[in-house]
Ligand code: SAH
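There is one chain below, alone, in structure tokens, taken in the form predicted alone.
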């Protein structure tokens, strides 16, 4: 079905692929790199962020794409229908489709609404906290259509508040400045959210990313199911996502370790809201330093969670980052009790699953531990992956039982 209905065809600028460079795109990959485009004067003159008609070397239309002649990823797929008109109705339609999927997946309105390419809106991230929505536009195309995006959000979800979290490093690659601002409504302190039936608090205006990491939802539920009757410790805990769920599931003691006092305040508030404050401790510390201290003290835990921020933010950091993951796994394994459970996480998209699994395995060997992998998983279903863009499956979580 066309995205345009009965609308007249709008003539967007035509961009041609170079001869012999069309195969990857024609097989479904949603990105076109600058060295695959005939970057002639006409292409260079297209304003960044414009919709274009992408044509194969012979002139056959391949669909409508976003275009930026100044970036490595020059074009991003929007629609296979060359008659598509990219307007408010187009954006609202994609958003409505994304919301309908999440509402089928989840019974409560706490989820990632739009996950970029996989939801047909490349460069756009939208998270929902019931009646509060956060938006991140990571491309010139989306940044220039922010008014249409906000109008579509109002039309489809009618939130009381909308926050623009346009402070990601990806924006610099598109020549965009960073900003965080309240686009609609008011926010007075942390907002309340729910995950797996547990109450949490987040700061979408000044917390990390969009304020919460919904991607670990399923992995949190799994590790929490193993925590009953034992001690658990959550390193890089942020707002307490893993730790609080372990406490609610019956852990006898939970320690959340993070360097952010604000995040630990949210975790403590969540412990109180869920009636587990008597079994919860917020510990402000550097995770690696605390791991070293606990190793020296000989402490052990039934459940150990180590889910850090990205250690590898670019390919040049790969070697250093891999050593950090190996060290993290070694130190965390040493404080995991025999028969206990260890979760190691990575959100570095530059580290593929086999490489991450190798570093975790090496860390176990360094610690003199053995065991078995119980679960190796990525993000939850509200973070879908485009079938031709496996590199967007950035999240990795490995759960082991150690001997």
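Positions refer to the first chain, counted from 1. No experiment lies behind these values; they were computed from the predicted model shown.
Beyond the structure shown, there is the form predicted together with this ligand, which is absent from this document and is the topic of what follows.
Can you say which of 128-136, 327-335, 256-264, 153-161 gets within 4.5 Å of this ligand in the predicted complex, counting heavy atoms only? Heavy atoms within 4.5 Å of this ligand in the predicted complex occur in 256-264.
Can you pick the one in 118, 83, 287, 140 that has a heavy atom within 4.5 Å of this ligand in the predicted complex? Comparing distances to this ligand in the predicted complex, the residue within 4.5 Å is 287.
Scan 213, 201, 111, 280 and let me know which has any heavy atom within 4.5 Å of this ligand in the predicted complex. It is 213.
Residue 236, heavy atom within 4.5 angstroms of this ligand in the predicted complex: Output for residue 236 is yes: heavy atoms within 4.5 Å of this ligand.
Against this ligand in the predicted complex, would residue 77 count as a contact residue? Criterion: heavy atoms within 4.5 Å. Close contact is absent here: in the predicted complex, residue 77 is far from this ligand, nothing within 4.5 Å, heavy atoms only.
Taking heavy atoms only, is residue 250 within 4.5 angstroms of this ligand in the predicted complex? Answer no; every heavy atom of residue 250 is more than 4.5 Å from this ligand in the predicted complex.
According to a 4.5 angstroms non-hydrogen atom cut-off, is residue 145 in contact with this ligand in the predicted complex? Looking in the predicted complex, residue contacts with this ligand do not include residue 145, since no heavy atom lies within 4.5 Å.
Can you list, in sequence order, the residues from 242-257 that come within 4.5 Å of this ligand in the predicted complex, counting heavy atoms only? Counting only heavy atoms within 4.5 Å of this ligand in the predicted complex, the single contacting residue of 242-257 is 242.
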